[in-house]
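Okay, here we've got a single chain as structure tokens, the form predicted on its own, with questions on binding and movement later.
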Amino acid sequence: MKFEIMRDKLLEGLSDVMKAISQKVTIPILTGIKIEVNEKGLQMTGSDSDITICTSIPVEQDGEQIIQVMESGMIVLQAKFFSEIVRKLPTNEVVIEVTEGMHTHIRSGKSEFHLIGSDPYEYPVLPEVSDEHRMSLPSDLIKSVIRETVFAVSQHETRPILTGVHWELKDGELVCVATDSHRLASRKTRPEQVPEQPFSIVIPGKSLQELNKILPDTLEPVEIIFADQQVLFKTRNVLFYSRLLEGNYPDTSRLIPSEYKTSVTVNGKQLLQAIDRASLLAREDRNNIVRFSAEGGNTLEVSSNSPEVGKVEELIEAQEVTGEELKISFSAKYMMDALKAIDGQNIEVHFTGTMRPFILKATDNDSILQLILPVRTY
């Protein structure tokens, strides 16, 4: 195997593939990157067996030659060393050559590195994903769906299914839900091209966070293809495979209240900043609890009290308050996460009593919904 490539393009592809590399893998060869070159271009694959990322670099792009292939072939190189070497090479032209015994020579300018590669045939093959379930969404929409849901997945492995985000398609609508049983985040969207069959899958939260780092902030369409145990996100030059979580996701629709006793319409940014200030004095070991009260008129009070530290009270003008008077306590972190996810100007908060879950949504948009369980302090 022998080829010459532009270092900046190689680094771009490497930075994506490295997101799948972990040093804590049970199969030693997975600490390496599989490199394959042929007349079409270069393909690099990295995997930790939960996620697999595959990037392609074409021989030429926009009329500019990026790769010159002298001899096709493939090799597995230690990811950590290979990426560090490429990052520090002195010039933009890099020649990579594999000779007998998997000895790999990397040359650039007056630098030359020798790495010992591994047998590429020992590297796991890419998962088979059939085309029966496929849909397409713009890249920036997938990124916002991830941003608005993934923070609410459970961080505890006691219920593994809750460490993922539930993607369900029925009646042409895609509903993505995450919950850790103390809060819930939901996002709805209508894809233009949907599979005929409805589906229900749970994608690990960690996989979605890595995918979010790779996808571009553009309208570029991303194909999403589902199989039994895998989902594949496919862009022009990246394939991102993730295993799916097994088991049944709990039915969260019945958690969402259908009637409310108190409703508040308020500027989301003002409320976020007030809760942020109140949480400064909320003690860490008490899970930074903040109190919220609506007692007549359009004035809301946000407060917190730590006997050893002090207390804070702040009044906010709401646009509208309807229903019963209310005093409620909740985790400042959960509330701030929810408000950041909605990120709209004005929000509605609907309460059904001091100890019942309450929901937040944008006044002009029903696609994002956040639900939080209050904390018993009053």
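The structure displayed is predicted, hence computed values, not measured ones. Heads up: residue numbers just count along the shown sequence, starting at 1.
Same protein, other form: the form predicted in complex with a further copy of the same chain, not shown, and the subject of what follows.
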(request) Consider residue 254 of the chain shown here, and say whether it contacts a further copy of the same chain in the predicted bound form, taking contact as heavy atoms within 4.5 Å. (result) no
(message) Although the partner isn't part of this model, could you tell me whether residue 281 comes within 4.5 Å of a further copy of the same chain in the predicted bound form, counting any heavy atom of the residue?
(response) yes
(message) I'd like to check something about residue 40: if you look in the predicted bound form, is any of its heavy atoms closer than or equal to 4.5 Å to a heavy atom of a further copy of the same chain?
(response) no
(request) Indicate whether residue 60 is a 4.5 Å heavy atom neighbour of a further copy of the same chain in the predicted bound form. (result) no
(message) Which is the contacting stretch out of 234 to 242, 301 to 309, 177 to 185, 199 to 207, given heavy atoms within 4.5 Å of a further copy of the same chain in the predicted bound form?
(response) 301 to 309
(message) By the heavy atom within 4.5 Å rule, which residue out of 156, 190, 170, 88 makes contact with a further copy of the same chain in the predicted bound form?
(response) 88
(message) Please tell me which of 111, 265, 136, 218 lies within 4.5 Å of a further copy of the same chain in the predicted bound form, judged by heavy atoms.
(response) 111
(message) For a quick check, can you give me the residues of 54 to 84 that have a heavy atom within 4.5 Å of a further copy of the same chain in the predicted bound form?
(response) 80, 81, 84
